[in-house]
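Shown next as structure tokens: one chain only, the form predicted alone.
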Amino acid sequence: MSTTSQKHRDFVGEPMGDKPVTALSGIGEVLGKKLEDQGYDKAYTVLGQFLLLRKDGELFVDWLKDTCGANSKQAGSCSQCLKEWCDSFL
């Protein structure tokens, strides 16, 4: 069983509100800047894309890799973070 980071636990433990994209697990400053440049400046905009892809983790990972150059670990971490957030709040 994989362990989650404190950043992941913090994100899924409360409503998203107006959190920046860098609040997402797996998204640091560099990937965050690339996402912001593509118009994804808030965590909820990335969540919107996750929902548009019907919460399909594999499709989302591919989208994140293509959009900001995330590696598999980063994209998987972000996907899992959003999935757990959705399970708790939607």
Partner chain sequence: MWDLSRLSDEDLKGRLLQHGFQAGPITATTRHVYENKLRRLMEPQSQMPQNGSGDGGDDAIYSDSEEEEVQEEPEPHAETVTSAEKDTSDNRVPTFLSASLPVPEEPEPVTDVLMEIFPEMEKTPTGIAATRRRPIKGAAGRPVKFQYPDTPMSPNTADQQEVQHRQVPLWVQLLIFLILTLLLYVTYLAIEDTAENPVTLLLGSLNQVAEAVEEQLAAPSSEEAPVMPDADVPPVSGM
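Numbering follows the first chain given and starts at 1. This structure is a prediction, so every number in the text was calculated from the model and none was measured.
Unshown form predicted together with the partner chain; subsequent notes refer to it.
When contacts are judged by a 4.5 Å heavy atom cut-off, Y44 does not count as touching the partner chain in the model of the complex.
The shortest heavy atom separation between V30 and the partner chain in the model of the complex exceeds 4.5 Å. The closest heavy atom approach of D37 to the partner chain in the model of the complex falls outside 4.5 Å. Using a 4.5 Å cutoff between non-hydrogen atoms, D66 counts as a contact of the partner chain in the model of the complex. Contact check for L82, S88 and L90: none of the three has a heavy atom within 4.5 Å of the partner chain in the model of the complex. Taking the partner chain as it sits in the model of the complex, the stretch 43-64 comes within 4.5 angstroms of it through a non-hydrogen atom at Q49, L52, L53, R54, D56, E58, L59, D62, W63.
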